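Next comes just one chain, in structure tokens: the form predicted on its own.
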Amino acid sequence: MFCGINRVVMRNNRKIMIAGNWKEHLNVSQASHFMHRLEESIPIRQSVETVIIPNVLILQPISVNLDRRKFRLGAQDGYFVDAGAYTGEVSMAMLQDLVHYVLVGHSERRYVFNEGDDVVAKKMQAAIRNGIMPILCIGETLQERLARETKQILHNQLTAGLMNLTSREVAASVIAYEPVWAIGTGEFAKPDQVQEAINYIRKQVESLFGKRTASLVRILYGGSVDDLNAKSFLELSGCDGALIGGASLNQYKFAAIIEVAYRVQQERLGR
């Protein structure tokens, strides 16, 4: 049974998600100290789902003392074969007791480690098979954007990633739009560019899985989001949160982004 699927499908309002991807940073000791400081900086905000995504070595130590009123855990990656002779790999099956979420198809996995759409599709299916909610990352490179291929790339990566999934599984998943050209490059996507991509992604989900699924699936933006520009993205129509990179390693910036998300969500709920 896919973890949390009934809860997500029956919910009318999509909860904002702020997910911090630590990438290849912090050892166990450093992460423990950082989480202690972070927990002190962030109040309980039940209308915002905050996900911490550290490297795999940190997941188990952090999970022991994690304040689950404030945080959930995610994995940066997972292998699609549950068990076998795959030295060095950590399977989705091994992660299922530790995390709620797992990144799938992150741009660095695609473009640094050469993972194709076929691998992404297998990882999506493996995550769901093991009760983990996948965060499917899609986005174009600068060359593809300049060639006006953005929509085609998003369509290809989305349809491949969601292959063989049911409407309920897609509704419970998360999609993150992360233009590769705006990640750690000093370049920034403009809100209107992000809005166009979000609208296109949701329309594609609707054409593939129906209007109800499209209205339930959460779509995040990831691309050099920090405490100074987060509001401009989180206020976009249909934007359900952000995938944060570098700013998630700064307790003050990350806490500020969560507060921005909280205020945006309160406005949406009319409070």
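Sequential numbering from 1, following the sequence displayed. Remember, it's a predicted structure, so these values are computed and weren't measured experimentally.
What comes next is about the form predicted together with ligand PEP, which does not appear here.
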Partner contact for E178 in the model of the complex: ligand PEP, 4.5 angstroms, heavy atom: yes
G184 within 4.5 Å of ligand PEP in the model of the complex, heavy atoms: yes
Touches ligand PEP in the model of the complex: I244 (any heavy atom, 4.5 Å): yes
Contact label in the model of the complex: K123 to ligand PEP, heavy atom within 4.5 Å: no
Candidate from R263, R14, K253, K23 lying within 4.5 Å of ligand PEP in the model of the complex - any heavy atom: K23
Among 58-66, 27-35, 42-50, 222-230, the region lying within 4.5 Å of ligand PEP in the model of the complex by heavy atom distance: 222-230
